[in-house]
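Only one chain comes next, encoded as structure tokens, the form predicted on its own.
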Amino acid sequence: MARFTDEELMRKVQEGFIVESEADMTESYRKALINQITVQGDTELMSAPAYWMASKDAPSTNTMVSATAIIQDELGHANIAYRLLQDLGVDTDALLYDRPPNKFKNPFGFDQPIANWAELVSAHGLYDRAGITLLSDVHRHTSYGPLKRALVKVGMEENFHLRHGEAWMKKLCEAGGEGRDLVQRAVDWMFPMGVEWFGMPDDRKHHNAQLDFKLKGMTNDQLRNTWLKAVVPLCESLGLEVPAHSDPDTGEVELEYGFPCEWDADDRVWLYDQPITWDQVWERWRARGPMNEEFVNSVRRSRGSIERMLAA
């Protein structure tokens, strides 16, 4: 029998109670926690093949080493999340190797091809900023002790990824020419992906268990606005065009397009003049992007290769 009812546990965690084991959880708390950590693990895992695809365009040996180190970090972060899931009784072998690829819970941005070095560093500057926005909020507010402690290491490494991306975006933009143009083209399609990263807007989200149980502290729209307040000034400082602007006095950011809007996957462009409903966005997310199966299978192939090598 559970120690607490849902209402009792909600009250306790809002007052500062830290959950350390399943003995402290209700089933609703456990379900919300598992869903949140699964999204975290899948996002970290699927970033690795996405980043690997572009890392082969690194301009030098040193930059290839940096890119590979970031991929190694991401795989380590995924391992941390799945290890936490194991402690909650989740069969992570089944989660990783038996789920259909379209059931992975990573953001839509990691179902897209990242084709070159400029796109890779822009992904670090935009997508890793999204990851830091989410996970730093979880680290500050989560009521689940093991996750709070695990995120100390994750947060430090994600900040390295972000600084790497921002520094390279600046370097390419300041150099001008083709490098700057490639960063602009990357930002053209990645920026709206980042706006979508944080999920449904607050007025469409009907289940708030993660907030009620204090698994995170900020709403989807608050997280989205935090990301925008960091990314839009960065792009403005680099002379990059984005469909948003920031108020220099208040720091508030306003989008300059109807959100959400249609995405042309073939040409990788956003059709700002074609607004769509959130039901249509949800259907697009559920259908996954063009690299979904390839990225999932690339991770799964590595296990088979190692097993064959050990059996030889």
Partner chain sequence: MGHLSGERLYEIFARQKRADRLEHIGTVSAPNPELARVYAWKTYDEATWFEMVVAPRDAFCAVNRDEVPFTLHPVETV
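All values derive from a computational prediction rather than experimental measurement. Positions refer to the first chain, counted from 1.
Just so you know, the form predicted in complex with its partner chain exists too; it's not on screen, but the next bit is about it.
- Proximity to its partner chain in the model of the complex, taken as a non-hydrogen atom within 4.5 angstroms, holds for one residue of Tyr82, Trp227, Phe191, Phe104, which is Tyr82.
- The single contact residue among Gly145, Pro233, Pro113, Gly76, judged by any heavy atom lying within 4.5 Å of its partner chain in the model of the complex, is Gly76.
- Heavy atoms within 4.5 Å of its partner chain in the model of the complex are found in exactly one of 194-202, 212-220, 153-161, 130-138, that being 153-161.
- Of the heavy atoms in Gly89, some are within 4.5 Å of its partner chain in the model of the complex.
- When contacts are judged by a 4.5 Å heavy atom cut-off, Glu293 does not count as touching its partner chain in the model of the complex.
- Residue contact check for Asn208: none of its heavy atoms lie within 4.5 Å of its partner chain in the model of the complex.
- Contact between Glu7 and its partner chain in the model of the complex is not found at the 4.5 Å heavy atom cutoff.
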